[in-house]
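First comes one chain, alone, set out as structure tokens in the form predicted on its own.
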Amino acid sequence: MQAASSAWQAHTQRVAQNIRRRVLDYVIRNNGGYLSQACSGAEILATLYTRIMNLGPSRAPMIPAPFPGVPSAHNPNFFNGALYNGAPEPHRDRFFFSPAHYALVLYATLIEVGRMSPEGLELFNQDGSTVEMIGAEHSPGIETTTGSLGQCLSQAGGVALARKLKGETGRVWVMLSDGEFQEGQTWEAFAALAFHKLDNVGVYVDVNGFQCDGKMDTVMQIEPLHARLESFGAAVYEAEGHDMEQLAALATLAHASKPLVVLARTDPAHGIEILRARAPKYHYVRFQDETERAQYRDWLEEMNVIDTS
């Protein structure tokens, strides 16, 4: 039993490390990208995909197809990015990805768990591609367009309510960023989840404490987040967000008649220490000059050496 436990943790840790490495490589080659989101969110996504969620095999092409046009009754070619998470079968889970600016991190995750080809990442942010910088409902792994943040949980809650009414046993998992608690719709969604007793919903929050304008508590304070969520009717637990065993264990706790919320306290420079020089402006990396890009390239090479040693 101990050996099996160690095996999944080692595999999931490798997935998380490779997510960070893949995102860092992209940012270096393209002089830009959302890098701190990979630092803070890698273990959350790796644990969701390898340990927590009950997803079916991907039903999408390994290399994502071009944008098929907006969905409509007159567009038979439209497809949904949730196909990368398998078919929406009654006993299977469904995943709703809210922080659309984390899309590069999600695509890297899909690659590391074998749901998308590495070549697909070369389509990132290209004209006509579904592998968008800010993911939408046609982007790999994304079921719904989530607006400018704060809208996904409401949509996921509607799906969860429908699934409960239909007697489906699959759960609805949601990933949020902490900045979304500055949006009123997020709180309205939690009120609705509690009112309808939607205990088939599990929410993992990347609480890294930073947003585009700097530290969260200097822009708009959201704490005490734990107590506030409990007052809205959620079953709330806290985890060290880079501890995969904690993240996985909390998904199994009973939370009858309440949505489950895991506040994963994370570090926006975890695993890429060189990023700390940019604090508190972690949100997006654009290199100041070739000297800085070379420093990040050296860091990537060091990560590669450590991994093969």
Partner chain sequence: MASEFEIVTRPHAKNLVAWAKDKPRVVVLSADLTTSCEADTFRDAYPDRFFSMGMAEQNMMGFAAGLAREGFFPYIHTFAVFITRRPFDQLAMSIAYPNLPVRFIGFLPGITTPGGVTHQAIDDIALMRIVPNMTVLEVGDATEVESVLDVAQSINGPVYVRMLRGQVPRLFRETEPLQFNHARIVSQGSDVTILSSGICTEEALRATRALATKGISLHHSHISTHKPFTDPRVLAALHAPRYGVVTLENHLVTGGLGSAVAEMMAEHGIGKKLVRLGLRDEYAHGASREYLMKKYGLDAMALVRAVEQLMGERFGLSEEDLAAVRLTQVHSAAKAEAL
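What you see is a predicted model, and the numbers here were worked out from it, not measured in a lab. Positions refer to the first chain, counted from 1.
Form predicted together with its partner chain: not shown, discussed below.
**Student:** Any chance residue 165 has a heavy atom within 4.5 Å of its partner chain in the model of the complex?
**Tutor:** Answer yes; at least one heavy atom of residue 165 falls within 4.5 Å of its partner chain in the model of the complex.
**Student:** Contact with its partner chain in the model of the complex for residue 198, defined as at least one heavy atom pair within 4.5 Å: yes or no?
**Tutor:** Residue 198 belongs to the contact set for its partner chain.
**Student:** For residue 138, is any heavy atom within 4.5 Å of its partner chain in the model of the complex, or not?
**Tutor:** Close contact exists here: in the model of the complex, residue 138 approaches its partner chain to within 4.5 Å, heavy atoms only.
**Student:** Does residue 202 reach its partner chain in the model of the complex, with heavy atoms at most 4.5 Å apart?
**Tutor:** No, residue 202 is distant from the partner.
**Student:** Could you tell me which one of 133, 192, 225, 83 places a heavy atom within 4.5 Å of its partner chain in the model of the complex?
**Tutor:** Partner contact (heavy atom, 4.5 Å) among the options: 192.
**Student:** Using a 4.5 Å cut on heavy atoms, which of 117, 155, 182, 129 is close to its partner chain in the model of the complex?
**Tutor:** By the 4.5 Å heavy-atom cutoff, the listed residue in contact is 155.
**Student:** Tell me the stretch among 22-30, 65-73, 271-279, 242-250 that has any heavy atom within 4.5 angstroms of its partner chain in the model of the complex.
**Tutor:** Answer to the contact question: 65-73.
**Student:** Flag this candidate site as yes only if 213, 284 and 304 all have a heavy atom within 4.5 Å of its partner chain in the model of the complex; otherwise mark no.
**Tutor:** So, no: the whole triplet misses its partner chain.
**Student:** Which residues within 129-154 place at least one heavy atom within 4.5 Å of its partner chain in the model of the complex?
**Tutor:** The stretch 129-154, when checked against its partner chain in the model of the complex, contributes 137, 138, 143, 144, 145, 148, 151, 154 at the 4.5 Å heavy-atom cut-off.
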